[in-house]
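In the form predicted on its own, a lone chain appears below as structure tokens.
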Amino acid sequence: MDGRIDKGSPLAPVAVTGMGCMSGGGTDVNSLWQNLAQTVINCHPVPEYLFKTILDYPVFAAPANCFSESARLLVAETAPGFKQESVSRTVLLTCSAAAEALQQAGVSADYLRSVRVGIVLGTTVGCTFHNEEYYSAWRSGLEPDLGPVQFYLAGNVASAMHRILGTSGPSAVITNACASGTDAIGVARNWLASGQCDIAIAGGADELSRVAYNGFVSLMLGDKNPCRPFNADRKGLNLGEGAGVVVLERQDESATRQCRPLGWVRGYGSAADAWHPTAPHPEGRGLKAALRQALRDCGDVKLVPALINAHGTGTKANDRAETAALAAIFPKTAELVVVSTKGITGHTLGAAGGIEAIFTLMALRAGQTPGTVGCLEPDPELSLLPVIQTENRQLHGSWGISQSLAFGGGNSALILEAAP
């Protein structure tokens, strides 16, 4: 199940019928949007319920109990014997986001069990970096309990969601670094368009990990203050955690259920820089290819989007490469409305694409977007000017782009349309 389809055949419309989120930026979609609009920045030192560290780089952490009441009620129906301690925090984050999305879509547990459910989720580390004590003991010649290994082997988040929901259908976990969540939505859309499933649960999830945290610090990519995407004095990113999940359906199926779509996934593109293990190509070569592919996919290579939700990490290299690529694809830069939403969530790694696709649809549906939190004085060396924090911009049109740039040179873009 690689998500490929015959591009020579017309694509059936794929509707977004539900959205859900759990993150440091908000514990559901409405609070996420309100916190963005009100510039509520939940960026603090790493809480001890995640891990202990002597480093002073702040993060955007979800609540200690990230398993929402909606998730508890759903799982009580689908898997009565479920125990939270049996799965990773990444899975719990996913459950909360999925429960909200399914509730908004009006999808019951009985309906899920009656159809083919595709589950495709992006993640980078999942639960894979929490077994240090086991491996240290094993390397020392001891024979530690195999529990951590078994926990790791059961950590496939898509398979875990199928088990918890009692569903059947195709599943995949995409680990394309920070583009994972965007790719997951694109693949799920292609599954539906090619008839491989009847409904899809897609997006991304990642919990904060001490190893990943230390890794970004060692690469000198972190900021000791809240991040400032595109700002002249930006110094790097803050890590975050969370999950962003959408429910996708073919339009005819959602009509049968008398469910009104929130919007549609109209195009998807993915391409690689083949440039550097961590840095993007300076001219955004891979992103330009991904954007062109997405525009061809939606059938309008001349489309000027009403909104572009950029990857916008707050690192020097990312922001320059990303704006260079956008200026090359859309030369009339004065017409572009470009924002980054990482100033309210931090960089949630594999979850970023899912959360940011939700932000994009929320803004398109509202007909306006708050500015880039943390950006007050844009870097004059950027190829275009983003919307700054103090500005609220009206949107002219219902189509937008959500894009992700990843370590290893991965670049992905979704073209989304909001329903009227």
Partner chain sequence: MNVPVIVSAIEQLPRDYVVPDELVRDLRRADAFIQMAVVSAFAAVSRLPADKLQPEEVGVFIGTAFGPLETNFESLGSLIDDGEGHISPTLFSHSVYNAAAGYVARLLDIRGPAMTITNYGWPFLIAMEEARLAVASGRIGRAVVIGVETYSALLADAYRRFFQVETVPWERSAVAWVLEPAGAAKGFCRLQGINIKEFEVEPADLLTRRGETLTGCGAVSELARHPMAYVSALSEAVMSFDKLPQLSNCWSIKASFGLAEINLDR
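Residue numbers count along the first chain shown, from 1. What you see is a predicted model; the values in this text were computed from it and never measured.
Form predicted together with its partner chain: not shown, discussed below.
Under a 4.5 Å heavy atom criterion, is E132 part of the interface with its partner chain in the predicted bound form? Output for E132 is yes: heavy atoms within 4.5 Å of its partner chain.
Answer with yes or no whether R163 is in contact with its partner chain in the predicted bound form, where contact means some heavy atom within 4.5 Å. Close contact exists here: in the predicted bound form, R163 approaches its partner chain to within 4.5 Å, heavy atoms only.
Contact flag, S140 vs its partner chain in the predicted bound form, heavy atom cut 4.5 Å: Judged by the heavy-atom cut-off of 4.5 Å, S140 is well away from its partner chain in the predicted bound form.
With the partner left out here, check for me: in the predicted bound form, does some heavy atom of Q104 sit within 4.5 Å of its partner chain? No, Q104 sits far enough from its partner chain in the predicted bound form that none of its heavy atoms falls within 4.5 Å.
Pick from 164 to 172, 305 to 313, 245 to 253, 199 to 207: which stretch has non-hydrogen atoms within 4.5 Å of its partner chain in the predicted bound form? Contact criterion met by 164 to 172 only.
Whether A154, S194 and G408 jointly form a contact site for its partner chain in the predicted bound form is the question; each needs a heavy atom within 4.5 Å. Every residue of the candidate spot has a heavy atom within 4.5 Å of its partner chain in the predicted bound form.
Of the residues E85, D233, D110, D145, which one places a heavy atom within 4.5 Å of its partner chain in the predicted bound form? None of the others qualify; the residue that does is D145.
I need to confirm a contact call. Of S114, T278, T333, N225, which residue comes within 4.5 Å of its partner chain in the predicted bound form, counting heavy atoms only? The residue in contact is T278.
For the heavy atom contacts within 4.5 Å of its partner chain in the predicted bound form, list the residues of 182 to 217 involved, in sequence order. If the 4.5 Å heavy-atom criterion is applied to its partner chain in the predicted bound form, 182 to 217 yields D183, V187, N190, W191, S194, Q196, R210, V211, A212, N214, G215, F216, V217.
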